[in-house]
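Just one chain follows, in the form predicted on its own, and it is written as structure tokens.
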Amino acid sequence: MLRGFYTAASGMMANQRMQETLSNNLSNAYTPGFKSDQGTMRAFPELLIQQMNQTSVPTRNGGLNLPTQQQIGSLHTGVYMQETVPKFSQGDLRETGIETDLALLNGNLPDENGFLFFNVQNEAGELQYTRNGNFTVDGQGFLTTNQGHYVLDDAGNPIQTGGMEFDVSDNGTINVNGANIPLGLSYSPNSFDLEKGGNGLYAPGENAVPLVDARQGQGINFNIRQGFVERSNVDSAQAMTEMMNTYRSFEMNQRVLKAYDQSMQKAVTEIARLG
């Protein structure tokens, strides 16, 4: 009976984590460039339980204890949520008319899981990647994300606009005061190698395939749209449906746990009284 407690409890915990992931997706349904997370459920490995014992064998010197094993059976300990994986797909575009808003559109890409990103610099000065093109200009004239991270050019330097108006061509070149500054754009051959951080930033994970300059890669096409932002790729209706299913699954596990608890109570109070 105790096995049932563990199985039902693990199901509740896994569903709770899934619910948190879906809630986070819904709360970012209007965040530009946000990529929804997908949770993956896995069953715990099946355990084979054996009883370890010893048996005594008589010998001339008085006896010998030999280890013995007796199989009791297998144990299933429920499910767990293994990980969350971002779903990299192109989001729809929303026109804002703001010149600092830039949308990155994937063209033909050579890899099935390939994806394109803007290059930005985080607080620690590290190169990071984002799809959120809801940019702005800070008090010093640098082009930044809405969280204050510098947007980088193709040489890895922050882009200085001087606080002036600028135009961005389809190939991602910023024309400001007569100077042409190519935006820093990177291509990941396998976007699932990236680790999702805060504020819509991504970084290469351990043993990830290095990202390449999107302009130098073979067969990589893209388009930059000024005055647009890429919408989140969260499907609100689907997320709501998944939340309802997850809630019902949690509720069923809760009922199973309650039934086990009532059975245990009966075993302790009534069966023990008969003994």
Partner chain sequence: MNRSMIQASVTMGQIQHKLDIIGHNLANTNTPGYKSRQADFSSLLLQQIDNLSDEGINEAANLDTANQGAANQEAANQNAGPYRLTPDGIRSGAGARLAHTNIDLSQGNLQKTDRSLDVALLEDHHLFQLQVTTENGLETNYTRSGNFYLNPLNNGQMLLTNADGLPVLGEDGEPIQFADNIDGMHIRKDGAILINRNGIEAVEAQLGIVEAIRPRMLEAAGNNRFRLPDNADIVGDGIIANADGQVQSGTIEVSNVDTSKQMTDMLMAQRAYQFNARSISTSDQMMGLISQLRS
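Keep in mind the model is a prediction, meaning the values are calculated, not measured. Residue numbers count along the first chain shown, from 1.
There is another form of this protein, the form predicted together with its partner chain, and it is not shown here; the text below is about that form.
Put simply, G200 is close to its partner chain in the model of the complex: some heavy atom of it is within 4.5 Å. Although the partner is absent from this view, D170 stays clear of its partner chain in the model of the complex, with no non-hydrogen atom inside 4.5 angstroms.
In the model of the complex, D138 approaches its partner chain with a heavy atom inside 4.5 Å. Interface residue remark: D92 is not counted as part of the site for its partner chain in the model of the complex, having no heavy atom within 4.5 Å. With the partner omitted here, the residue from S186, N106, T100, N122 that has a non-hydrogen atom within 4.5 angstroms of its partner chain in the model of the complex is T100. You can rule out all but one of 150-158, 114-122, 178-186, 80-88: in the model of the complex, only 80-88 has residues with a heavy atom within 4.5 Å of its partner chain. Along 145-166, residues N146, Q147, G162, G163, M164, E165 each place a heavy atom within 4.5 Å of its partner chain in the model of the complex.
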